[in-house]
Structures are given as C-alpha cells and as structure tokens.
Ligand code: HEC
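Here's a solo chain for you in structure tokens, the form predicted alone.
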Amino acid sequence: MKKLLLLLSVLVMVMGFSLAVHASPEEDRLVFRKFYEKRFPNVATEDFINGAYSIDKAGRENWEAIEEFPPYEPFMERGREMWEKPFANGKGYKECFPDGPGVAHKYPHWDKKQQMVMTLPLAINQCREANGEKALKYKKGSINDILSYMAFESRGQITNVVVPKNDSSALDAYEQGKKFYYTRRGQLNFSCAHCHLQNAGMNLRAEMLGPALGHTTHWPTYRSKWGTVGTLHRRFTGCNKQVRAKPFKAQGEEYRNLEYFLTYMSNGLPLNGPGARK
C-alpha cells in the first residue's frame, strides 16, 4: 500500500501538483481545486460544474443553444410521475425520502449501518425493494427518469460529501476511490487522471476532455452519443471500455467508492443536473 501511495504521489507531481502520501480528504480537495484554478485561471471556480463547456467556448455556445429546449425534460416529467405514483402497497418514494425529491446533495454518503457508500440510485432501489417493487437497472431506463426529476429538484444545492474523521471504514472507502482514480488500467494503460486531470482541455478526436472538478454535479446526463439520459456509473463503464479495460458492475463497490472520492473533490460546488453533453 505504501508503494502504491508513493507511485500516486509521483504521478500527480508529474502532472503539475503534489498530494501528500498521508493527506486528509480535505487536503486532497484543496490541492485538487488549486490545480484547476491555476491551469484555467480565467474560469470561475463555480463554472467548472459545466464540464468541458467551462473551457470550450465554441462547444459552450452550442450547448447553451441546446439548453433552451433541454432534451432531458421528458425524462424529468416521467420522473415526476414516478415520484407521485404510489407503489402497489400504497406507499411511495415520499416515505423513503421524507425531505422531498431535492435531496441529491446528500449523496453519496457513508452509511455506517450498512458499512458502505450509499449513492442515490442505490437508495432508490432499496426503497423500491423494501416496498415490494422490482429494482431498476442502474445504467439505462427508468432509473434515469426518477434521477432526472430528483436532480432538477436539487439544483442549486451545494455538494457536501462528508468522510467521517473517526470512521476508518469510511476513510478506507474514500482511499479506495482515490486509488481507483489514479490507477492505470486497460490495454491503453490509462488512469482517470490521465484524461481529466493531466490532459484536461486537450482534444480527443473531436471531443475536448473536461476537467474532473465538477464532474459529478450534472448527473444524470443526456448524451447526444447515447440519444438518451444515462447515469454516472454508465459513464464510468464507458470510460473503462474506452481504455480497453473490463468495466466493473454499476453500483458495485468499486464505482461507488470512486463516486465518493470524485464527488468529495467537488465539495462546495452547486448541483446543476440533469445535464446535456455530446
């Protein structure tokens, strides 16, 4: 483990900043944010929630035009209907989420009782199964409807992931997510950081690589490439496939821990989902 942490430290130093081997999550976040603020000094920190469109002027103009008639609106409407419709037992999502649909800023979080990272899609399916309903698929389909509605209702809420200081299991989950982010994998031998940290702002074919800061604020997202709305873990799957690595199971421990780390890096940024991307 010490050898791996040392390698990660060397990796990030090469990319223009250094993380202490035994840094706290908050120390990691501050270094992470300063890297992007230094690399893109003309971009307001809050604007990183717009992904590549925070640094791609031409792409931003096209995106803003699309946002006038958002392609994710039908998904939001179906999600609202799902929220309002009772389950067969007469209960509904309201009983599971008593604070209302605008709770996306509370996820992911460390669930001490279950000893794992709890994401919003997982919480939705646990709600359904507890009420005798069939679980939804985690990458495509109706999960994106309810997530789109809940994301829209959560717009403006501030990302605030907490890694409990005195819980070694929570810290380990965060560290596993961090490890995943900086580990090379696949036939191309790329890590997440190679594209979205080291090469952020560079073009990959016709697509500009977006910065990792703010990556988690706008999900689920309608991608023109997909022709539909998809979840964050669907995007994780696609990234793994692009570097020719075997993807992990959506909502499995690996991707949930990755989401925990990556969302923590965007603490303090407002949510603006659902989003629209190429």
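What you see is a predicted model, and the numbers here were worked out from it, not measured in a lab. Quick note: we count residues from 1 along the sequence shown, nothing fancier.
Quick note: we don't show the form predicted in complex with the ligand, though the next part is all about it.
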Does the ligand come within 4.5 Å of a heavy atom in each of 120, 124 and 128 in the predicted bound form? no
From the candidate stretches 101-109, 187-195, 129-137, 150-158, select the single one in contact with the ligand in the predicted bound form, where contact means a heavy atom within 4.5 Å. 187-195
Closest heavy atom of residue 204 to the ligand in the predicted bound form, within 4.5 Å or not? yes
So in the predicted bound form, does any heavy atom of residue 235 sit within 4.5 Å of the ligand? yes
If you check in the predicted bound form, is residue 83 within 4.5 Å of the ligand, heavy atoms only? no
Report whether the minimum heavy atom distance between residue 243 and the ligand in the predicted bound form is within 4.5 Å. yes
Picking from 52, 250, 31, 43, the single residue whose non-hydrogen atoms come within 4.5 angstroms of the ligand in the predicted bound form is 52
Would you give me the residues of 243-277 that have any heavy atom within 4.5 Å of the ligand in the predicted bound form, in order from first to last? 243, 258, 262, 277
